[in-house]
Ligand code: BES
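Only one chain is shown below, in structure tokens, and it's the form predicted on its own.
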């Protein structure tokens, strides 16, 4: 799909066009003709939020779609995203290939960015494995109506949307195909990104006992993929994404019901892939290093076991209480390596780490923890400017006490209480004094079958974190 800016409406090859036009509740839109206004009134449209009505006229090839934005005084970019996404879904059913989007013109630069971004996310479909394409998906081109000066905002929104979908593609892939090797290929396809891969024998030799332990029964070769995008002379910002290609739970095997969703345990690594794509294509003046420890967590005769003690890259040891708390074990080595090798100004990890975080915050908010209040504040600000919500959770000595082991330095679970916080307390052992943030995205990484779905997204991976971390990375290099 192509997105452009034009001061004039465009049509498809047949001459047909459909235009999405915004309305505030209870207000007339003076930019539309009387026939359209009258038609909307006759069918009960009054601009209520997300109400969409499509009207066609016998003597015209232009079809018009009115979309409600709600009360003007309550307007926000977040509500605009929701309203526009609803309209796009309805417009898609008309099978008209060219769509014009008229902006509300309250904050036109931001609205242009959001229109491009939400169009990309809303029209995304993971159809790689379908024998027949979805015949209902007809939108091929979108024109955002406005002056040429909006082109930069539209391009940025389009890049962010496509990068988010790039992350969604890998996260949605079945585990037998979405392997560490395939991830490496996707990383090497990125422009202006240097990629280094540490294979199993090497990371075992380097003392990455967590990644080595979890990967023992994996059929697919485990890897640590490192991506570097350098467009600044400042010290780098490092992002580590959890890449468990499939999480069976290992010896501590999960229940079979719902286990197919454990292909989404690679969503942290997927987000890092999308971030690196977006940063490089926007040519932001940042220095960012993305790391993805990638492996399957499977049972088998040579699998690591409860009771094992693993020695990590920084020399600390962890007792394995359950093999289903594997993510923190692989992340520990990647965090310690990044701190030691790259000496970053700050480091962040993003991972589908705990069900406890889902219980605490639900499916639309990620858990945020860390050791630096300034970074936490910057992340909260970045979150407020994107649709990706975060909420700060505490790490204190009570949680640190829960993960102390009698036979090793720490253990990989502190029990059922405070599970999100004890997982963060575990990871804290591997960042030293480096300013650090932890994002637990277990609830936000994919849409759940029995819970409310984000308005912009269908079933499957959400790409959560791509836009948020691009926003955050830009802020720490300002």
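This structure is a prediction, so every number in the text was calculated from the model and none was measured. Positions refer to the first chain, counted from 1.
Although not depicted, the form predicted in complex with this ligand is the subject of the following passage.
In the predicted complex, residue 318 stays away from this ligand, with no heavy atom inside 4.5 Å. Using a 4.5 angstroms limit between non-hydrogen atoms, residue 262 touches this ligand in the predicted complex. Residue contact check for residue 202: none of its heavy atoms lie within 4.5 Å of this ligand in the predicted complex. With a 4.5 Å cutoff on heavy atoms, residue 228 does not count as touching this ligand in the predicted complex; it lies far away. Checking 279-287, 352-360, 91-99, 216-224 against this ligand in the predicted complex, the stretch whose residues place heavy atoms within 4.5 Å of it is 352-360. The single contact residue among 341, 254, 345, 141, judged by any heavy atom lying within 4.5 Å of this ligand in the predicted complex, is 254. Think of it this way: in the predicted complex, this ligand has a heavy atom of just one of 437, 69, 442, 425 within 4.5 Å, and the residue is 442.
Residue 413 is the only one in 401-416 with at least one heavy atom within 4.5 Å of this ligand in the predicted complex.
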